[in-house]
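Consider the single chain below, provided in structure tokens and representing the form predicted alone.
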Amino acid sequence: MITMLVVLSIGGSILAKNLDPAHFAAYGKALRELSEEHRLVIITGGGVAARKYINAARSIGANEVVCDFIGIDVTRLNAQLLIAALGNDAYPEPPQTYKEAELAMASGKIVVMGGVIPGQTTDAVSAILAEYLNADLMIIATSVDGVYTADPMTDPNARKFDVMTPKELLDVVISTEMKAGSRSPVDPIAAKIIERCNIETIVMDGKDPASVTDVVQQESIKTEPVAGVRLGTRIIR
């Protein structure tokens, strides 16, 4: 088994849905176990709560930069909840910059953070951080089981990619509206960074934290896929 540095982007819609304490606790347990063998940096999204705050801000005249700052604040609240669930295994504060994240890694603890600057989703933050830290693997844990040719919720002919290139990913997501709180399995900035740094990336259904653990462990042994482990969409050159 190979010890890896893993950057994990957890969508707020799966981590913080209904602010269920049991779900935070389940993710905390899974990540603690994973950290016994791998180094982890977690980036949490804002989810439904962030979108509600952003929509309220827009309705009273806030511009998109203000909305981005509001969304970043919510992602950091979710990060703090996950830190609480991880207890002493987590670095105690969410880093607010990439350099702070690098310094926090020196603690040997699980690092959990949210957004960084306006104009970047937490997926983009994850991709930039993965490149900056020379991570071995990036996982984007979202509410769908991979990347599709179209939205599978609205298009019955949408086809899931098991494997795709960064260019194919970019072509799929390039039409995503770049506004605070926008929805996409991967946003265009993140896709462009993935293309630039050529980091091994998996987009997967992350509603069950055990599934994320299984995928990381599968990647660390570098063998043929283990029965029952669903890898989502693998992005490779």
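Predicted model, so just to flag it, every value in this text is computed and none were measured. For every residue, the number given is its place in the sequence shown, counted from 1.
The following text describes the form predicted in complex with uridine 5'-triphosphate, which does not appear among the structures shown.
Interface membership of A50, uridine 5'-triphosphate in the predicted bound form, 4.5 Å heavy atom rule = Within the cut-off, so yes.
Interface membership of P94, uridine 5'-triphosphate in the predicted bound form, 4.5 Å heavy atom rule | Judged by the heavy-atom cut-off of 4.5 Å, P94 is well away from uridine 5'-triphosphate in the predicted bound form.
Does any heavy atom of L133 come within 4.5 Å of a heavy atom of uridine 5'-triphosphate in the predicted bound form?
-> Close contact is absent here: in the predicted bound form, L133 is far from uridine 5'-triphosphate, nothing within 4.5 Å, heavy atoms only.
Can any non-hydrogen atom of V116 be found within 4.5 angstroms of uridine 5'-triphosphate in the predicted bound form?
-> Heavy-atom contact with uridine 5'-triphosphate at 4.5 Å: present for V116.
Which among 207-215, 29-37, 64-72, 165-173 is in contact with uridine 5'-triphosphate in the predicted bound form, heavy atoms within 4.5 angstroms?
-> Careful reading of the contacts points to 64-72.
Listed residue that, although uridine 5'-triphosphate is not shown, lies within 4.5 Å of it in the predicted bound form (heavy atoms), from I54, I189, I199, I202 = Of the candidates I54, I189, I199, I202, I54 is the one lying within 4.5 Å of uridine 5'-triphosphate in the predicted bound form.
Check all three, V144, T149 and G232, heavy atom within 4.5 Å of uridine 5'-triphosphate in the predicted bound form = Checked in the predicted bound form: no contact with uridine 5'-triphosphate for any of the three.
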